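As a starting point, one isolated chain is supplied in structure tokens, in the form predicted on its own.
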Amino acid sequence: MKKVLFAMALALAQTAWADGGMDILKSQCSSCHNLTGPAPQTLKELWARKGPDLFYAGNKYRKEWLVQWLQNPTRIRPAGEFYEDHIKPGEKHDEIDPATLKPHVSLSKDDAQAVADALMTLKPKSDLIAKEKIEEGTISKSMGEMVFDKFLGCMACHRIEPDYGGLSGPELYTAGDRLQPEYIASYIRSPQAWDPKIWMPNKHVSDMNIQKLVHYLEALSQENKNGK
């Protein structure tokens, strides 16, 4: 009986946390983030996006990462949400213009927990997630990088370590901690299924290479945490 009562109390507490988190999202986050969907349907709408869509955050993020990141935000997209708005000509190539980038709001531990709880309830894309099965396994860094860069050219847009790689997409050296593996697989399989007008190309990656890329990004995150 005590276990049942505890479970009920915990469920009620989690619901309260999520409700409070949704209030914070609506009051502090909705001006930059889409909380209700759908994703941009035109290029004009895409270019107007100020921050990543969050209406499917529960299908995308790892809750533990959200709680930590919201307390101490670090930039995921080196050149902001839309690359062209935040770069300037450099001596050899385009450079980030830091003056155009605004810091992300940080939250208290309790508020971060509440917001993470709220975000994890947003799961309209569970049908896409259900189609993915991640096989157990590992991959060497050299093999993973060969698929990632040599075969698919992903480094043109994404960084695989600080200051190494492209600027127009999100960095991926924390992706294994940040993102659910099924989401990574599904997004690689068809970016436009998640974001119809996104500029990331569908390269029709094979099932085998999708698995390799998921394991590679997990290895990158582990390496990043270990400070190598």
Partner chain sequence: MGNKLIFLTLLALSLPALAKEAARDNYRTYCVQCHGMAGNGKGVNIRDMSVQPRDHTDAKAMSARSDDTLFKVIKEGGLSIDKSVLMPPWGDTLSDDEIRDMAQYLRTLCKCKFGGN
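None of the values given here were measured: they were computed from a predicted structure. Residue numbers count along the first chain shown, from 1.
Only in words, not in the display: the form predicted in complex with the partner chain, which the text now covers.
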{"query": "Contact flag, Asp94 vs the partner chain in the model of the complex, heavy atom cut 4.5 Å", "finding": "yes"}
{"query": "The partner chain contact at Met143 in the model of the complex, heavy atom, 4.5 Å", "finding": "no"}
{"query": "Contact label in the model of the complex: Leu35 to the partner chain, heavy atom within 4.5 Å", "finding": "no"}
{"query": "Residue contact check: Asn202 to the partner chain in the model of the complex, 4.5 Å heavy atom", "finding": "yes"}
{"query": "Interface stretch in the model of the complex with the partner chain - options 42-50, 26-34, 180-188, 56-64, non-hydrogen atom within 4.5 Å", "finding": "42-50"}
{"query": "Non-hydrogen atom within 4.5 Å of the partner chain in the model of the complex for each of Glu84, Lys88 and Gly153", "finding": "yes"}
{"query": "Single option in Ile76, Leu101, Cys157, Ile134 placed near the partner chain in the model of the complex, where near means a heavy atom within 4.5 Å", "finding": "Cys157"}
